[in-house]
Structures are given as C-alpha cells and as structure tokens.
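Just so you know, structure 1 and structure 2 below are the same protein chain in two forms, each on its own as structure tokens.
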Structure 1
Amino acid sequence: MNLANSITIELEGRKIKVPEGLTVIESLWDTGHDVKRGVGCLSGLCGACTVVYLEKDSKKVRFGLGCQKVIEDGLIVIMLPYFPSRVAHYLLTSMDSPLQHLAEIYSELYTCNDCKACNVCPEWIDVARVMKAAKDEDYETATNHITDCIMCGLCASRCPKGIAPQHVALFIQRALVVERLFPPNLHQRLSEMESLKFEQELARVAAMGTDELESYCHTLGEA
C-alpha cells in the first residue's frame, strides 16, 4: 500500500488505513475481510450490501450500498446483515381482484402513521409517499414511484410498525399486472416472443462480427 495515498476510516469497529478511492466493499477486501454474504452484483442493483455510515464532522447517520459508497477520511461505516421482513404468501391467480385483498395480506400497512422513518432508500425513493399512496388506494402512483426498488430492505429496518414496504410494493406491482389490461402493443410483442418469431433474427445478430453489428445497429437507428 502507498501510505501517501491512504486514508483512515473506522470499518466494522476498527480504525484502519486503506487506499483512497475505494468503495466500502473494496476496503473490506483490501484489509483481508472475507466478505461473501452481502455481496452480489457490485453494481448497485441487487441491494445485498447495505451499509450504515457517518461521515467526518457530520451528525447524521446515513444509509447506502457498500458497492457504491466511496470511502473518505474519517468515515465510520458498518455493513448491515440481512434484515428479516415478513413476506406474505399469496396466489394471485386465485384472486379475481388481488388489490382488494391488500388489507388482509399486508394488514400492517394500515398501521403506518407516516413518520417517514422509511425514507432511507439508497435509490432515493420516497418510500413514505409510496406507502401513503398504497393506503389511499392510489396504486398507480405507488408503483410509479417504486420502480427503482432493489429490495434491499433498509426501509423495513427503520419502520417502527414492522412494515416491509418493499414487499407491500411488490405485491401491488404484481396485482396491477393481473388487474390492468396490457396495452395492445405489449400484448402483441409478448405473443410474438412466445411464438419464437424473432429466433432466426436473434441467431443472425448473435453471429455478427463487430463491424457488421455496428452497421446493423446504425441502420436500426436510422429506421
């Protein structure tokens, strides 16, 4: 390690020197931690590497993802283990109107008092707004604001009422698909995919070299 380019952080309760510019996960690996659980895509997509951190001279504890949070001098950070959340069991195909069953499937949703403690999302989702929309039966608004959810569970870890917003929102998304008719163009495209209409074209594209593929994409862009 080049000590001239190292910084001091408190990682998992120990003050250590690590090269600057690393993420939290990379810092753990650099110091010999055998991190396996809590590591997935390393691209901020899977939500497995949730962390809690306090920046130097700050009074506010923040939440994020270990694969995205870049360390800085004086940072105090720990990784969170998987947070247990209740996952309801249901069968959407047995329900004519799944959204009418939300109150029985996730009854704890209606204990929400809008304290906003759940607004710790690393994807900047206003989770409290999503839960309020769900309670108000404004399901389209709820789904429109939850599309970036990575199911990390940080919101559930902060809720004093034991609500797991990520699972509530997932049920609403699934239920809407069942209850709302697909747009005709989407229904047509799904039917074409199921009939393997594009198999030959996909095979042809897969066999293209770099130059041919660039030319092909350029032609599509002009179409």
Structure 2
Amino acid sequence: MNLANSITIELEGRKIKVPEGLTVIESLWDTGHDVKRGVGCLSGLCGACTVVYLEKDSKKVRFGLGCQKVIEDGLIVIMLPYFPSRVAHYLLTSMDSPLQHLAEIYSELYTCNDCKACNVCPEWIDVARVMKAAKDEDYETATNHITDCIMCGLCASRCPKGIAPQHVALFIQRALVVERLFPPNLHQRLSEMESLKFEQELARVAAMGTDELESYCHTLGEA
C-alpha cells in the first residue's frame, strides 16, 4: 500500500499510519477491523457508528459519527457503537391520552436538573432544551427538532441521571400523534373508499390494454 499521503492517528488505542481523507469507519476497515456492529447507512442517518475523539492540541473530548468524521493528523478516536438505555414498555394503541402517563412511563425524566451534559448531539439538536420542554409539558416544543434524531444514543451516554432522551422524545412524539385531530382529508378519503366510490372506475381502468390506458393517462392532465 502506498502510504505517501498518510497521517498518524491513534485508532482504538493503537498508533497507526492511515491514508488521509478517510472517515473513521474507513480507517478502521483499512487497518483490518471487521466493523459490522458499528455501521449501517454510511450516510449519517442511522446512528450506528458513534465515535469519541480527541483532536490534536484540543482539551475537549468530542463525539460524532464514524461514517462522517474525517480523520486528521494526531486524532485519537474510538468507536462507541452501542450504549445501553432503558426502553419503557407501553402499548400506545391501548391508551386514551398517553401523554398523561409520561410520568409513569419515563419517571426518570423528572430527575433532570438541566445540566446540559446531553448537548453532544451530532445532529445539532439542543437535547437539554427538549428535556426541559418535556418536563414543562410543552410537548410541541419538545418534539420540534426531534425529527432529526437518529437514535444514536450519545446524549444518553452523557446523562448523569441515566435518562435516555432519545426514547423519552420518541414516546412524546408518538403520543402526540394519537392525541391530535384525525386528518380530515384522510377521514374523507377513507369513507369514500368504504362506500366503494372509486371501485368501478378503478376496475375499468385496470382492465384496459396498454394502448388504451396510455391514451387514458394523457387525458387525465394535472389536478
């Protein structure tokens, strides 16, 4: 292998030369680590590849995604692909107003004292703010940025109280939907389908040969 453009990093506790420009995951592969547990999408979306690193001359340990973090000379890095967290057991479909049960389901939420240690999100979510809003029963604010959460669990790994913010937020997100108004347009469409409104036309169209269907499609235009 040509290591002309290589840099030295400390990877999983071993000082080693690797070609520059690789991500942490790629440098693990490149140096013979059989990484399967800590990899999924390779696109920064699945949260399987969390890493902890210290940059050269930096005093602060940082957290990130191994498939996105590009290595630099002097980097010290290890993988942290999994951090155990409690997931509560509940059946949403059998609850009327699930948010009222938040205090039983994730009681540890109320031990949060807003220390902000959880603000290490690789997706730049202000986790502490989410937890505070949840405690204050401002659930819409709590779930505002949660659609970006990739469930990597880094926030949970930092919490001194053992809260798993990603699971708390997911429960709130799911519970809110159940409590929201059922979408009127979907309601309308479902009752139309129940009264077989489109049945005949769909059967007619589905029975058409290719040419007939093609010209039918042309007549439809934009709605």
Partner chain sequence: MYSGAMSDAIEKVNATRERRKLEQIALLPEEAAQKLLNSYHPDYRESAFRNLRVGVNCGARTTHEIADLLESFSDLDYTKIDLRPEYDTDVLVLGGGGAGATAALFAESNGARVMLATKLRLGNSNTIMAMGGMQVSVDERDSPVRHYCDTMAAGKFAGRECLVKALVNDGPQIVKWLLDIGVDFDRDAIGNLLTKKAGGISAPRLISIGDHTGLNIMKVLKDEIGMRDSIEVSEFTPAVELTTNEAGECNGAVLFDLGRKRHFVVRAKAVVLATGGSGRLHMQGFPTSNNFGATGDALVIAYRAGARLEGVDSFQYHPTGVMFPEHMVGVLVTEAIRSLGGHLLNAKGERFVNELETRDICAAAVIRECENGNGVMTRSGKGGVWLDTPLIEEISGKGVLRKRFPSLYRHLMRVKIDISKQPLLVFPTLHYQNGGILIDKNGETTVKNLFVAGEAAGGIHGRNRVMGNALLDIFVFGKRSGLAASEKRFNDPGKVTLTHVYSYYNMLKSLRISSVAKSPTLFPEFIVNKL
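On a predicted model such as this, the values are computed, not experimentally measured, just so you know. Heads up, when I say rigid core I mean the largest set of C-alphas that superpose within 1.5 Å between the two forms. Residue indices: 1-based, along structure 1.
Participant: Do you reckon the form predicted alone is 1 or 2?
Facilitator: It is the first structure (the form predicted alone) rather than the second.
Participant: Would K17 count as moving between the two structures, using a Cα shift of 2 angstroms or more after superposing the core as the test?
Facilitator: Shift of 2 Å or more: no.
Participant: Once the core is aligned, what is the C-alpha displacement of R204 between the two structures? Give it in Å to one decimal.
Facilitator: A shift of 16.5 Å at the C-alpha.
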